[in-house]
Structure formats: C-alpha cells, structure tokens
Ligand code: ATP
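Next up: a single chain in structure tokens, the form predicted on its own.
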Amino acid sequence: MKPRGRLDLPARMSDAPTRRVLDALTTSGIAVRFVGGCVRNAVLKREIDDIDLAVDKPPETVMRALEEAKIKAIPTGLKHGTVTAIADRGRFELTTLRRDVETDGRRATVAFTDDWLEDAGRRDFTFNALYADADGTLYDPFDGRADLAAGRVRFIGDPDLRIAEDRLRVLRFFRFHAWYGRPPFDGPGFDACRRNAAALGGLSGERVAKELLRTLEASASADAVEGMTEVGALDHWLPEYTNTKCLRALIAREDKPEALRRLAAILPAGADATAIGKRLKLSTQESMRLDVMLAHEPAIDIAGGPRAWRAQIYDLGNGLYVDRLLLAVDAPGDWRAALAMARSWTPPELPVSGGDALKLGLKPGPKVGALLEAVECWWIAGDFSADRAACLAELERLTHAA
C-alpha cells in the first residue's frame, strides 16, 4: 500500500498514552497504523472518540508486547484478532490485519494476514479504509479522502458483494450518509441497498436498533431515514413509520440530539411502543419512555402559559414533559419558554399525605386515596400556591363533606 499524502495528527492521536502504546508495539517489531474512524475524523478535523489500530502480527504477539511494556491487554476477541489496550486511562482497540475466509451475511470467518491492502479490501466504505502511520503518513487505497470531501458514501468494490458479506451494511450505508454524506446518495450503493433490503429481516433486533438509533443522532438523519424508507430497509423493522415532518421540526428545536425521541418523531401517535420495543430489543425503560412519547394524552398545552406548563410538568415529570413538548411541533404557544421552565422548575411535593387523612378519623382504604387525589387536583388547579395548612383545611373540608 503506497502513501497518499500526510495528515496533521490531532492531540488525541499523538498524546502520551497513544505514544506509549505505539512505542510498545514498534519496539517489538510490530507494524502499527491508525485505521478507520479516527483517521476519517482527523481528515475532517472532527472530534475523535475512539482510536482503532491495525497491526501486522497475531493477537497473542500483540498481547505479549503490551504486557512487556506494562500496558494492560484485554483479549477482547482473539478469534477475530482483536485486543484492547488500556494505557493511562486511554483505551485502544488493536486488530490484526485480516482477510475473509467465509461469510454468511451476518458474521465472517477470518484469517490473519500481513497484507495491508488485503485488510483494506474487506472493509465496507472507502473512507473507512484510511490508514495513518504515527508520523501522519496517510494511506488511502480507494480514494476515501476524495469521497469524504464530496460527501459521498461509496462501497469498496462491488456493493452487492459487500452487502452479501454483512447485510447490516445496508443500514450502515444510510448511517454513514447521515453523518458524513451530502445529497444525492451514491447511485450504485443506493441501488444495491434496494436490492438487498429484504434480507434485513434476518438480522437481530439489537444490531438493527443500534444502527437505527445512531443514524437518528445525526444532523442529517431525516434524509437518511427517507432513503432507508425508499429502499425498503424499514419495512420489516419499523412498519409503523410515517414520515419525517415531525423529525425535521424536532431537529430544528433540539439543542442536542436524542435518538429515542427522534425515533418517536417518525412514528404515529398511539403506535404500540411495547411491540416496537420488543422488535428492536429496547430496554424496558426505553420502551416505557417511548410509550409516553407516543401517547395521545395528555395533549401538551403550550398556549395555556406558565400555569398549564407547571401542571403538566408535575404530571409527567420534567424529562418526559420535555420529550412531549419538543414533539408537539404543531401546538401553538411559546415552546421555548415552556422548555426553559421544564429545565429550571422543580415540581413540589403535595403537602399532605395519607397519614394526615388517618388523623382525621378515616380508616385505611380507597376512600383515603380518593380524598388525597381530590386535594391534589385542587392544589394543582391553584397553581401549587396552597401551603400545608391550606391543604390540610381542604382535606378536612372534603372529609366532612364526604
């Protein structure tokens, strides 16, 4: 593989923990290069989250080199050539150069190699096959840097063959477009996704949900979702899908992306959140939150002003109220002021309890709960202004009137 220019390494790729890992490997005669996402983001001068390294020796050799340098080495996936190194709180994933021996559309049987071009050729998209040496020398065998500059997500080689190796690449095509692409979609890749979308039904819900939620976090997620819908990629996993109108409005409102809320934005009100959660293997908490976001009631009353906002924040809780508020894109009123209140106002606790009712001579039972609920409704209607003495008086009044 021949060099194709140089890269100014950002601090994360040249700091002390990174140098420590690189030095440990090279001292042991192991060739190592940055690969994939960290190189891609460095080219774009975007923030780097994780550092992946490609090495030309088997994982057992890599582990010995790390351990000799007093670096913690975790055998993350020796079968697939992956070792995780932890140095000075820095975490690095090291993977031996590989070639595919056999694939079944979900997982691959690999063999290790020392051929960098062979390793690059088994990757999915051109800009994910970027490599860089420790001095910034850049290797770009498939013109991935040009594709990044053009906002083009392009499969390496034959798109149908790439997808046949791993059907999840249909979803990855749209996820990477959401994060790195610009319209229009790459034609050959888009057409291949259309031809292979029906096979997505055989994937696991966890894998699909992970890709879908990561896609939704991107600023251009609406375009990607529309593309996924056009090729039929959501037919099996999200047949409830409506359109991206609410999603686009939500993205314009949010100050930071929230994937589950954006998922709710492409679903119809009243959709079965439990069924969707089971299909996508969401957690119980995520499914319950989705259920609240998709519920018809309560309708968010923004036009009612601060009094109505406080009542609904008390009813839903601050977090779920924010969800419902941001999704209520057609509701009139000052949603920004309502949002500010939801993030600053702490709902009070009802000043009276069941113990207070029992002191009035009531016996434990449903009547106590009904009376407390009546007091609570009165207290909320008064915009939470009544203090404990006033609430006790109202409780006593209702008790005598009952």
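Predicted, not measured: the structure shown is a model, and the values here were computed from it. Sequential numbering from 1, following the sequence displayed.
If you look for the form predicted together with the named molecule, you will not find it shown, but the lines that follow are about it.
Only one segment in the set 74 to 82, 314 to 322, 275 to 283, 120 to 128 has any non-hydrogen atom within 4.5 angstroms of the named molecule in the model of the complex, and it is 120 to 128. Contact annotation: of the candidates 347, 369, 37, 58, the single residue with a non-hydrogen atom within 4.5 angstroms of the named molecule in the model of the complex is 37. For the options 166, 258, 186, 223, the residue carrying a heavy atom within 4.5 angstroms of the named molecule in the model of the complex is 166. Contact annotation: residue 334 falls outside 4.5 Å of the named molecule in the model of the complex, judged by heavy atom distances. The named molecule is not shown here, and in the model of the complex it never comes within 4.5 Å of any heavy atom of residue 376. The named molecule in the model of the complex is approached by residue 175, whose closest heavy atom lies within 4.5 angstroms of it. In the model of the complex, the named molecule sits within 4.5 Å of a heavy atom of residue 214.
Of all the residues from 37 to 61, those having a non-hydrogen atom no more than 4.5 Å from the named molecule in the model of the complex are 37, 40, 49, 50, 52.
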